[in-house]
Ligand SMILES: Nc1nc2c(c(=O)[nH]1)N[C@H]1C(S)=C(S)[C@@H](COP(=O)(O)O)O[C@H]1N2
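A single chain, nothing else alongside it, follows as structure tokens in the form predicted alone.
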Amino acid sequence: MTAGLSTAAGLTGLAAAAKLAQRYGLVPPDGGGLYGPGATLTYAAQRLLTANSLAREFPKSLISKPPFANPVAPLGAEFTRLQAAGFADWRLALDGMIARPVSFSLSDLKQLPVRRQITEVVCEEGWSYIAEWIGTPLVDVLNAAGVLPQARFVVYRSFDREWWESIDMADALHPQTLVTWAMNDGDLPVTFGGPLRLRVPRQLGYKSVKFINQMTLTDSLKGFGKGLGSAASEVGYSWYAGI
């Protein structure tokens, strides 16, 4: 009887939390289905409690030697051409809810404010490593494009067009979210997502998409893929992966 009452109370609490989250616009795009209330509670609670929190930063002495790199599948002839030219023709294009569509080269990004941080990549598969990431805060890229006030999410895509993710504006405007173009005092290696990788250190590693070349500002994620907020969500991962 005690177990039954506890379960009922827990389910009631989840339902109440879900209604409260919906009232304040804190329901994640994958907030439906069997696990939806749990995903909603996690996202809403972390947004309310840790909105301005920082991911832990480490001293240089703790940088992993060597850092772990996932294997990178061949990205095709066009990527090879861009790489051979030192990625001089690589562009990060922004569209959607911005004052004007804009495209940044690597040189353009390096003219914007630069931030360095030593943070940890934590993978859902159980491994992690610490590295120094150097890049342009995403907030400065968005400010240069003129984000419209109704924008709620940033959708970002990898060069291969198959892998894409999104974050809300709380992470997009966070000072530690970087458009990263260097690592450990050198150019960002291709094996780690070079020439451009979005680093979202307050979330699990799959949110830090490699080879980014397009971003879209939007007020809804329903028109992207299956409406779950990311390619990762479409194969079973949580859209919000806060750590």
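All values reported here derive from a predicted model rather than from experimental measurement. The first residue of the sequence shown is number 1, and the count goes up from there.
This next part talks about the form predicted in complex with this ligand, which is not shown.
Screening V102, V72, A151, V139 for any heavy atom within 4.5 Å of this ligand in the predicted bound form leaves a single hit, V72. G205 is the sole member of G205, P37, P28, P195 with a non-hydrogen atom within 4.5 Å of this ligand in the predicted bound form. Taking the partner from the other structure, this ligand in the predicted bound form has a heavy atom within 4.5 Å of a heavy atom of F211. When contacts are judged by a 4.5 Å heavy atom cut-off, T119 does not count as touching this ligand in the predicted bound form. For the chain shown alone, F87 is not a contact residue for this ligand in the predicted bound form, no non-hydrogen atom being within 4.5 angstroms.
In the predicted bound form, at least one heavy atom of E124 sits within 4.5 Å of a heavy atom of this ligand.
The chain is drawn here without this ligand; in the predicted bound form, the stretch among 41-49, 197-205, 54-62, 173-181 whose residues come within 4.5 Å of it by any heavy atom is 197-205. Residues are counted as partner-facing when one of their heavy atoms sits within 4.5 Å of this ligand in the predicted bound form; in 148-174 these are S158, D160, W163, in sequence order.
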